[in-house]
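Presented as structure tokens, the chain that follows is alone, the form predicted alone.
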């Protein structure tokens, strides 16, 4: 039987972080319950004859969910889908809203992977970016999670003001038993508080060259600690890579539930509405992915991770990348290397991957 991954979007936050551009709302309990009711209806009304290999509950802040609501979601999933007994099941949590009681519940209902939004271990930085936790709370949440889970991921952000060295944070996370680290470059989006602060010259993120140096130092450190860099921003001890994300990057089918969620099933892209009223009315955008879009996505995703891109698949889609003069040049300079049918970007060049990929699509 074919396999599929499931993503569930929980758009609740206590307060929106200064840098956040994701779909999230500060909702009272009544409004949250209304959303969960609609979410469960969506889950219950979707039928597919595929085995669920991963489930990922993201947000927003899924750890804000009440015990009753998280149980309702998992009851609906198990009633509606055949879930692999070895499925990877992840929930995102924030240090300020996760408790030992919730962690016990997560384990009880079958969750086996925890992703913690640490972002930084500097209290001043955390205040500047609008996080509701401090260093002490972040460390406490990891220690609590370790009591119930071995598969723990933590997020860090690169490029924050005054944060030239995140290696010390990674070192601390590893000492606490974290097996996976996602380290994302700071992205400044319009309509965020951080964008306004920068425009008003009240916040100064790191310069590009400083970010690149910080990133390269982190990569070297994690490599020494036996963390595999399996994607430009993701590092893991062998066996603790995110199976859910790998499914995205290797073009497996996935179904998204909830406001603003995306799906890719049998060659079709489906996007749920972001505004709650439109989501509740069932508004979606569905389109067949064309070959041009797929070519671009396969090159972009494949060269950003260790799985590479199939030259044969690109050819089947109508693009002979071997005839691209930039591609030839990158191969000659060993920036890109070939192994049979697969082209890989040397991880040394991940920090400038956008520039390289731009020449190939």
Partner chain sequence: MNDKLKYIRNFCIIAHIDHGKSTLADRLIELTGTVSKRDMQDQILDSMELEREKGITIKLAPTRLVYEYEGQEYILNLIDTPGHVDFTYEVSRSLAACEGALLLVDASQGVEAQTLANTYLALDNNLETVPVINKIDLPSARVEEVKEEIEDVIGLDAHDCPCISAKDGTNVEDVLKAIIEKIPAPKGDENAKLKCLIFDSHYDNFKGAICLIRVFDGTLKKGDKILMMQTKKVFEVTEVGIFVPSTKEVDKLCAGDVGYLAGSIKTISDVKVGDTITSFDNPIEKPLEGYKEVQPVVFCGVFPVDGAKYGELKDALDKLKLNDASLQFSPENSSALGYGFRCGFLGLLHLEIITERLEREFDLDIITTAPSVSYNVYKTNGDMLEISNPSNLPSAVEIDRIEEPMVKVNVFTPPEYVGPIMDLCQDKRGVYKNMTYLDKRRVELNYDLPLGEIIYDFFDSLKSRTHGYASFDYEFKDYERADLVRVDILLNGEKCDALSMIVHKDKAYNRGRELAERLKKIIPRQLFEVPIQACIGNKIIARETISALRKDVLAKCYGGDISRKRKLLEKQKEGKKRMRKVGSVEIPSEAFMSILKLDDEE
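Note that the structure is a prediction, hence the values are computed from the model and not measured. Numbering follows the first chain given and starts at 1.
We do not show the form predicted in complex with its partner chain, though everything after this point is about it.
Using the partner position in the predicted bound form, report whether residue 2 sits within 4.5 Å of its partner chain, counting heavy atoms only.
No.
With heavy atoms only and a cut-off of 4.5 Å, decide whether residue 212 touches its partner chain in the predicted bound form.
Yes, contact at 4.5 Å.
Using the partner position in the predicted bound form, report whether residue 331 sits within 4.5 Å of its partner chain, counting heavy atoms only.
Contact check for residue 331: no, nothing within 4.5 Å of its partner chain in the predicted bound form.
Answer for residue 352 alone: is it within 4.5 Å of its partner chain in the predicted bound form, judged on heavy atom distances?
The answer is yes: residue 352 has a heavy atom within 4.5 Å of its partner chain.
Which pick from 185, 273, 139, 237 sits with a heavy atom within 4.5 Å of its partner chain in the predicted bound form?
Selected option: 185.
So which of 34, 41, 297, 67 reaches within 4.5 angstroms of its partner chain in the predicted bound form, heavy atom to heavy atom?
Of the listed residues, the single hit is 297.
Quick one: find which of 248-256, 74-82, 142-150, 190-198 has residues within 4.5 Å of its partner chain in the predicted bound form by heavy atom distance.
Looking at the other structure, the answer is 248-256.
Decide if the three candidate residues 228, 312 and 346 all line its partner chain in the predicted bound form, where lining means a heavy atom within 4.5 Å.
No, none of the three is in contact.
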